[in-house]
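Only one chain is given next, in structure tokens, and it is the form predicted on its own.
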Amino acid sequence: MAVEYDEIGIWSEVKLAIIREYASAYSRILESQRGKSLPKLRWLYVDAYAGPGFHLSRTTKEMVDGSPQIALKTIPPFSEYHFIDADPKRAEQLRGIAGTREDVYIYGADCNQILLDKVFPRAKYSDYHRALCLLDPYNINLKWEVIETAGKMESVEIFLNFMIMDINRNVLTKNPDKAIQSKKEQLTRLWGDESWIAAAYDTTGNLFGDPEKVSNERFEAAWRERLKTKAGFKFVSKPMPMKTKTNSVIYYLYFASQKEAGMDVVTDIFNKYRRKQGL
């Protein structure tokens, strides 16, 4: 089956560079812990929207490694790799990349159930298993249950793409009555309930009590707080805004963890790329 590779912009290349740096640091830290006192320690790389493994750079017109290839090339290696993509062509491409490796698991299905039923149970804290999970959805189709489960497990760290441009375009319209109903339902599934409405609209700024859309920054801050108070992550980064050349935010990239050490590493990486992007 022929696979069409995504053409990615500079923001996606920045995201991949961030994943590459943190995956390497994460694996080195866990390798050192296993060598010292935790011989049973295992760590998983989990990619919920893995894609075909490669992308075409819009900037250079060259093929670049996607997140699965980055993970497979990380040294020291992860104990297991779990790549999920609902597109059967992409899943088949990933199987070709994995070859006969027994430490790589490929799933051609909706990640929401695969993560809950098959992958997260392999990352139990009590088993001395840990996981780094990339949640980088193509649109608003991730379920809150996945995020909350990861937070409650205490063994899973996540990078999370919060697709603010898609949300603004299809849900957070100036007139809430004009929002696309199916997209509103998707946002409710992502948020976990309809409290996103109160977070997205303010009725105190005008004489008539009409709802007014809040800023991107205010809405993302409400989402970040939810990751802490509802999902239970102890540490949630200030997100990295991924922007177009015209300075529009496409999505916010968050990191969430139970470990301060991971937060410190990601903060340094985010700050480096913020400086490079002039943010």
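The model shown is predicted, which means the values in this text are computed figures rather than measured ones. Quick note: we count residues from 1 along the sequence shown, nothing fancier.
Form predicted together with a small molecule: not shown, discussed below.
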Assert contact_stretch over 152 to 160, 137 to 145, 72 to 80, 193 to 201 against the small molecule in the predicted complex, heavy atom within 4.5 Å, equals 137 to 145
Triple contact flag 67, 84 and 87 to the small molecule in the predicted complex, non-hydrogen atom at 4.5 angstroms = yes
Evaluate residue 243 for contact with the small molecule in the predicted complex, applying a 4.5 angstroms cut-off between non-hydrogen atoms, and reply yes or no.
-> no
Using the partner position in the predicted complex, report whether residue 185 sits within 4.5 Å of the small molecule, counting heavy atoms only.
-> no
Proximity of residue 110 to the small molecule in the predicted complex, heavy atoms at 4.5 Å = yes
Taking heavy atoms and a 4.5 Å cut-off, does residue 239 contact the small molecule in the predicted complex?
-> no
Listed residue (226, 213, 42, 55) with a non-hydrogen atom within 4.5 angstroms of the small molecule in the predicted complex | 55
With the partner omitted here, the residue among 269, 25, 16, 263 that in the predicted complex has a heavy atom within 4.5 Å of the small molecule is 16
